[in-house]
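First, one chain by itself in structure tokens, the form predicted on its own.
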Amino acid sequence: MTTSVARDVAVTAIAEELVGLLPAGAVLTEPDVMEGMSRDQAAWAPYGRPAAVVRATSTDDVVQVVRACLRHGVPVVARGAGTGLSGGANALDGCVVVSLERMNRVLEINRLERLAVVQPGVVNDVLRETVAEHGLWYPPDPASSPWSTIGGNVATNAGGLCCVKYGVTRDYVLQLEVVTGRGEVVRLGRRTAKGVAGYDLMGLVVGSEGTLGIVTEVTVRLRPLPAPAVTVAGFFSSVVDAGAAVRAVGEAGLVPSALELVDRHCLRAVDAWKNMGLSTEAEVVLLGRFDEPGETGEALAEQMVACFRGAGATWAERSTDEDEAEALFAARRLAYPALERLGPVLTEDVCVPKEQVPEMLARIERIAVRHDIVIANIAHAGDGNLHPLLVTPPGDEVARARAEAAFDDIIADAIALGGTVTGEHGVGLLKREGLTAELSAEVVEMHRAVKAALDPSHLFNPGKVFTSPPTTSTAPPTGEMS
């Protein structure tokens, strides 16, 4: 039997078994449907053709899929809303994609303990809106919050605009229900305010990009709703000046609830799409927010204005118009989809120390010139998480090659400045070599040992995060990317 025939037989066998195990309509095998469920938003990341897509509605559905895949030696790729930007949810040839979008219920809101229990398919903004009705707040707010799911946020340890003050997803996860590489259901973490017994296995799963298990329930920590925010806007003539302002804010000891950067390329793209009139005012905009109440917030805002002006802002003021302030932050959230309208976008996600933000932004500008590539910049500037967006004309393969070279240079420079290859998007497929460059060989082997212990059959999302599978793996062949 040829390899291709054997593969076709295996694909048919796992699909047929899943149809018999799961509720009617849960298993999808139509090529056009599977195509749409086979990749995330990383335009240049490779992806394969799955044997089937399963729309799970319960933990038991996920268990049945994992156990069937163990029997057949077929890999499993978990998927949320598909909003990722690193290829972390991309299918492999012959795998089973488990979509968790239909596991979308908020199971519990506990005001006393300030926690919520949710299924992984709950959309970030839906959770925020639901708990707000109880006077509570879930802080992590990635720019994709209107669409991205809590399960996906857990997989990549997502951050967002508020993370400069309030932290990232890991800071809010109390407990997880996980289907393991042996097809067992376990609970990791605890609901209590404190708990230090045993290893932090829950912390290992958060940010593991679906490589250690499939999360089927999440218990998250909540906060009281914050006071209405005070917004500061600053206009700058260069990204380097804006970076200097970010450093000045940190040196002044200010901790805003958000500090965002949007450059001229993004402003022009948003204006072309939404006609907001922003690009006529500035080359670069910094947006800061404080959510301390009353005079305290206003005083902090005035200090930020002084930092902006001292760093060379052409204009900086505290906003007195709430609608205007919201429009500015809306433009920040619209920047990525606006740029996508211009052509394929390769998205970076490096993070550097705050003191290195001006230098990193300067290096990104030089990389753009060196490779003759348009690089737009948005950033969670307050914590050094930069998102250079490399834009190329549609169908221009030569420009794409230059962009990929620029992508590698940005990663190398971030590491050289004491930074990391990803602050919140995950490694996925696009940054595997960068992660290997960032970590020592000894630390890479520690990661591989964890993978081998928790997923001994190398079942979950193989080929992601690291450039090669664990050396101790005894897994069967796991398909190919196409």
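Each residue number is its position in the shown sequence, starting from 1. If you're wondering where the values come from, they're calculated on a predicted model, not measured in any experiment.
The same protein also has a form predicted together with another copy of the chain, omitted here; what follows describes it.
Peer 1: Even though the partner isn't displayed, in the predicted complex is Arg289 close enough to another copy of the chain, meaning a heavy atom within 4.5 Å?
Peer 2: Close contact is absent here: in the predicted complex, Arg289 is far from another copy of the chain, nothing within 4.5 Å, heavy atoms only.
Peer 1: Should Arg49 be counted as a contact of another copy of the chain in the predicted complex, where contact means heavy atoms within 4.5 Å?
Peer 2: Arg49 lies outside the contact set for another copy of the chain.
Peer 1: Is there a non-hydrogen atom of Arg370 within 4.5 angstroms of a non-hydrogen atom of another copy of the chain in the predicted complex?
Peer 2: No, Arg370 sits far enough from another copy of the chain in the predicted complex that none of its heavy atoms falls within 4.5 Å.
Peer 1: Might Val421 be said to contact another copy of the chain in the predicted complex, defining contact as any heavy atom within 4.5 Å?
Peer 2: Yes, contact at 4.5 Å.
Peer 1: I need the one stretch from 396-404, 144-152, 334-342, 178-186 whose residues put non-hydrogen atoms within 4.5 angstroms of another copy of the chain in the predicted complex.
Peer 2: The contacting stretch is 178-186.
Peer 1: Each of Val196, Glu251 and Ala449 within 4.5 Å of another copy of the chain in the predicted complex, by any heavy atom, yes or no?
Peer 2: Yes, all three are in contact.
Peer 1: Quick check on this chain: which one of Val126, Val305, Ile109, Leu212 has a heavy atom within 4.5 Å of another copy of the chain in the predicted complex?
Peer 2: Only one option qualifies, and that one is Leu212.
Peer 1: Quick one: from Arg318, Arg268, Arg363, Arg114, grab the residue that has a heavy atom within 4.5 Å of another copy of the chain in the predicted complex.
Peer 2: By the 4.5 Å criterion, the partner-contacting residue is Arg114.
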